[in-house]
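One chain is shown next in structure tokens, namely the form predicted on its own.
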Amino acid sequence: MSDAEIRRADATTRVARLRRTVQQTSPGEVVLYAVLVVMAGFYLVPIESGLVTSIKTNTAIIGTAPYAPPGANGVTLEKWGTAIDALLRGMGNSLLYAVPATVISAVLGSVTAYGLTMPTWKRAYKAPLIALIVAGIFIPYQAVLVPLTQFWSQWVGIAQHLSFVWALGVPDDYAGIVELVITHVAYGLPICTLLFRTYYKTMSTEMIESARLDGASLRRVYRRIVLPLSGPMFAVVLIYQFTQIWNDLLFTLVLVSTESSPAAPVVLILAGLGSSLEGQDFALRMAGAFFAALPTLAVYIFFGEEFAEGVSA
């Protein structure tokens, strides 16, 4: 059989297989797929509009719809270069507090949840602690702004305690970065603890009971058994915490204040990017928004499989 005949036979087989698939598809499945396609388009249109806008010239933005292509003469990458130059410093500052705050809150949440789940506690002691932790999740950011400001500025004065760091040439504005780390750890600890506790309650206790019978301490059980099995939930918590901390603007405005500060995070610089007396530079703002979102996207991609496993656990 020649190559042409083999290709025709393969094509015939594929067509026949496709016809059988279409015949076996019920009307309900067709409606379901149509709804899914419409929903996917609904959620992707804003992303497409933002990307298209970020590569348009100012003339193309005025002359075309937000989701329409810019045309051959309306494409420019100048706004992306300007956005990267403006946000690169803020990106580094955001990583300085987002990464340690995420890791510390995840580790402390895991240890706290283990202490509230595995050891045998009297209900009279455990219930109030869990209630306080759950209550901490529902405290809005706005409710703590005034006491938070007083705590750092009047009671702690962390800039004075870190004078040896400023003596090395580091601007004292970076005291706000330290304050952001501690604030986000404290505010994120309740939700991290609750997520880990929910995961640990579903964990099989046979290995843990066997280890305890063999004389293993609570610390050894956690280090050798519980912690290695906590990978999927760590992925969930790390993604959630990193996204929340990276996108937070309210605490940043209170503790760092101005985008001109050497320690200004990326969200603070992004808030004023493209704004001027002449109006809004929408292409620059869209380019900056997509550039600022790259770290969160990278975290989702890196921990994607573990995140899916942790959510389904």
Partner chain sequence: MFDLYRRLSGALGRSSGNDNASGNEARTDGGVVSDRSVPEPGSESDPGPLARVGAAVDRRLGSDFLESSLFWLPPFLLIALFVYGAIIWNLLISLTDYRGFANAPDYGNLDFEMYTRALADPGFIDAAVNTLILLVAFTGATLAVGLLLAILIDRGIRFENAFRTIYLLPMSLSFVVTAQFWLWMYNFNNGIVNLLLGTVGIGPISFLGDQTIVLWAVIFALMWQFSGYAMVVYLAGLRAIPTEHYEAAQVDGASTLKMYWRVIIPQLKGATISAAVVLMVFGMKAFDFLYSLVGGYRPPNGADILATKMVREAYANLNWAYGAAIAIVLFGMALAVIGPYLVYEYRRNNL
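Everything quoted here is computed from the prediction, not taken from an experiment. Positions refer to the first chain, counted from 1. By rigid core we mean the largest C-alpha set that fits within 1.5 Å across both forms.
This next part talks about the form predicted together with its partner chain, which is not shown.
Chemist: If we define contact as a non-hydrogen atom of the residue within 4.5 angstroms of the partner, is P262 a contact of its partner chain in the predicted complex?
Modeler: Although its partner chain is absent here, P262 would stay clear of it in the predicted complex, with no heavy atoms inside 4.5 Å.
Chemist: With a cut-off of 4.5 Å between heavy atoms, is I139 one of the residues that contacts its partner chain in the predicted complex?
Modeler: I139: yes, in contact with its partner chain in the predicted complex.
Chemist: Determine whether any heavy atom of T57 comes within 4.5 Å of a heavy atom of its partner chain in the predicted complex, and answer yes or no.
Modeler: Taking the distances in the predicted complex, the answer for T57 is no, it never comes within 4.5 Å of its partner chain.
Chemist: Using a 4.5 Å heavy atom cut-off, state whether F164 contacts its partner chain in the predicted complex.
Modeler: Heavy-atom contact with its partner chain at 4.5 Å: absent for F164.
Chemist: Check for me whether its partner chain, as it appears in the predicted complex, comes within 4.5 angstroms of all of V75, L168 and V170 - heavy atoms only.
Modeler: Zero of three within 4.5 Å in the predicted complex.
Chemist: With its partner chain left out of view, choose which of L87, L238, I133, A175 has a non-hydrogen atom within 4.5 angstroms of it in the predicted complex.
Modeler: Contact with its partner chain in the predicted complex is made by I133 alone.
Chemist: Give, in sequence order, every residue of 132 to 163 that has a heavy atom within 4.5 Å of its partner chain in the predicted complex, or say none if there are no such residues.
Modeler: Heavy-atom contacts within 4.5 Å come from L132, I133, V134, A135, G136, I137, F138, I139, P140, Y141, Q142, A143, V144, L145, V146, P147, L148, T149, Q150, F151, W152, Q154, W155.
Chemist: Given a core-based superposition, decide whether the C-alpha of F290 shifts by 2 Å or more between the shown form and the other one.
Modeler: No, the C-alpha position differs by under 2 Å between the shown form and the other one.
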